[in-house]
Every structure is written in structure tokens, then in C-alpha cells.
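To begin, one chain is listed below as C-alpha cells, in the form predicted on its own.
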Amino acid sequence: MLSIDFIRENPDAVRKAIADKNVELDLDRLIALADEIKSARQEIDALRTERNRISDMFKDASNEEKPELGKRAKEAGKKAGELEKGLSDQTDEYKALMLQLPNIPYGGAPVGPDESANEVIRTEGTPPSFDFEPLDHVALMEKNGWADLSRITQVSGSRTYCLKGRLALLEQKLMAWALEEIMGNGFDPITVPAIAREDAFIRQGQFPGHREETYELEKDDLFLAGTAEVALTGLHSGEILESDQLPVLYAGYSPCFRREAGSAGRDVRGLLRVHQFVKVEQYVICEADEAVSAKWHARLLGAAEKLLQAMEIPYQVIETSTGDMGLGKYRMNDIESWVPSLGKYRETHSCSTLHDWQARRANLRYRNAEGKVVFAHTLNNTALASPRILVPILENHQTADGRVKLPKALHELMGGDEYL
């Protein structure tokens, strides 16, 4: 969220962000509520002060004066109580509007309503040219006995997957490899649960806007998270970190769950859009400095690209548009990997800078060099997510005989074997 002082000082910038991110929000109502709440609190404080002053006078008052003083004290208390009741409703409305307020997007972000406005800023690698009829990843898995998609659908429903044999092993090895690679960049590996309370989703920024995409465990008042970011944002919520503790660098590993609500008919085949997956998520808490955030954004993006390059997967880097980047993002770069069966690039990674928008929701603060307590900046980036990464690995490295030749960087992971 943004601070009310920033909103009052920069109303035009906030209005533009609301428009550019396609958010339905009455900014005038929000500002008016802030003013009304401030005025009501001042009046309540004045009435309480008056009531206390009258109470102090009561002990020295004559018997004739006491009834009038008692009446005045009672009236002041009654009016303060009425104002407090109205203030509670106003505060609830104000908080709800503040949670819908978007971050100010990066000036270089394309302005547009959705992913159609995204721009390709860099393409790396060359899509393979096959001298045979290539198979898609589902056919490759079936040919090699690496999955049991039809049977698992009878057990768990659509958009679920069951890997077998060498592919199941590869998935686990890839996650461990990604953790080790990110650890080498100074990140602390950390495993976190996939379940979290509602307030954790609010602090992270997923709620209230994306509640319908989240599995709810109603009897337990818990939800299943679609990213380790939910838990990682909450770990230091309410704390005041010292400046020498920054940056906080996590490589979070967790199972992830997404309902994929509203995406019926989109990429339902095989491993492209599934309800359950695993992911290594890079997460940064750093000082509140735009240049520092930009440095970490570049490092996070570079780490993800390094993994893709090691896997010899062609990819492109996307500058995400204002309408596609999400409520809290300042800047967002997606990485899309080449999928031969689709004849196009598909998103496999996402790198986001949120400045202090998320930190304000989560109350993530630190004491700067001047001793002032301020909100931190946060960033996150997909290091590696499976099974989606298996799609370009299988399809880009397939051979004419239906096998998959492993990139050199993965040979050691699979016991020195050249083929999966």
C-alpha cells in the first residue's frame, strides 16, 4: 500500500496508477475518509480531554456545581462514544480501499490493459530446428513411460500430474540444483509451509484481489499458498531490522497450489497449467533505495537467466505492462521459454520489484544509518518452478528416436548420463 501522506502529495500520480493498472477505486472517497477519520479522532481526543478536565474539577466543586459538571462530563463521554462508533465503520471502509490501492509503476513499463501490451526487450538462444516431426511433452512422456497422466486424473481430477522414473528423479534433482545455485549467490535456502493464515496473504498482497485463485481450508481458517513469497513476507512482519542485517536474502522452497480459477480452456494439456507444483523462489528485503532495488532486480533476473542458459533453453525477457503486472508491482519482468509444440514462448519465470508497497502491508521495517525506522523494499523472483520447466526441457532437447538428450550442465545431476 501507499502512505496517505504520499497520496495527498501526489494525487495525480496515484490517479494515473489506478488508471494504468485498471483498478476500480474512488480516490476522492479514500482521501475524504482519511480527512474525516483524522477530524473525528481530533474531536474524540478533545472530548476526552474535556471530560478529564471536568473530572479534575469535580473534586473541588461545590455541591451546587457538581450536578452540572456531571452532566457535562456525561455528555462529552456520550458524544465521544457516538463518534467512535462511526469512526469504526469509516476506518473499516478506509482500510478496505487502501488494500485496493496500486503501487506506482515503473516509468519504463508499457502502458496497456493486459499481456497484449507486454514488450520483448531481449531474446536469448535460438529455437531448435528439427529434421524430424517433433513430439510434444505429453507424447514424449508417454513414449518413455515418464508419467501417468490419465490414471492420476481419476484420482485427483484435471490439471494434476504424476511423474515416473527418470523424469520424477530429474524434477527433484532440478529443485536441489536450483537451490544450490542460488545459495552460491549468497541466498539462504529455506523451506516453508504451503499453508498460511488469511492475514499472511493480505500482507503479501494476494488478498483481497486474488482470493478466488486460492484454495481455502475452511475448517482450519487457512489457505494454500501459490508461492513461498506468502510465508517469506510474513517471517519478519512486525519486526524492526537493523541496517547491518540487510539485505535479507532467501531462496525459498515450497510446494505451491493454485486453483487456476477463470483459466478454463487455457493450456490444459499435460504439464503447462497444473494445480500443484514445486518452486524455488528468490526473495529480498533490502534498504529503501531505488538504486539498491534496481541492483537487486537485475541480480535476481540474471540468476534466473543463468539457470535457463545452463539448461540450454531459448528464452525471451519481457517488460510487463502496467495492466498485467499486478497491483503491488513497481516493475515486473517475465521470462518466457521456447515451447516447440506451441511454436511460441511461454512464461516460466517472473521477477518483481515492489519498493515499500508490500513492506507497508506487512509492517517490514528497519533502522537506517540515521537511526530512523523506515519501511524496507522487497523483491521476488522465480528461480525455478516445476513441472512447467520440464516442458521446454523435454521438447527442446528431444531426438529423432523419441529420447531426450540432457544439457551438459545436467549430466552430473543424472549420474553422468547424456540422455534422460
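We number the residues from 1 along the sequence you see. Here the structure is a predicted model, which means the values were calculated and not measured.
Below, we turn to the form predicted together with a small molecule, even though it does not appear here.
None of 249, 175, 313, 274 but one reaches within 4.5 angstroms of the small molecule in the predicted complex through a heavy atom, and that residue is 274. Only one of the listed residues (360, 388, 355, 51) places a non-hydrogen atom within 4.5 angstroms of the small molecule in the predicted complex, and that residue is 388.
In the predicted complex, the small molecule sits within 4.5 Å of a heavy atom belonging to residue 349.
The closest non-hydrogen atom of residue 258 lies within 4.5 Å of the small molecule in the predicted complex. In the predicted complex, residue 203 stays away from the small molecule, with no heavy atom inside 4.5 Å. For the chain shown alone, residue 331 is not a contact residue for the small molecule in the predicted complex, no non-hydrogen atom being within 4.5 angstroms. Of the candidate stretches 391-399, 363-371, 33-41, 377-385, only 377-385 has residues whose heavy atoms lie within 4.5 Å of the small molecule in the predicted complex.
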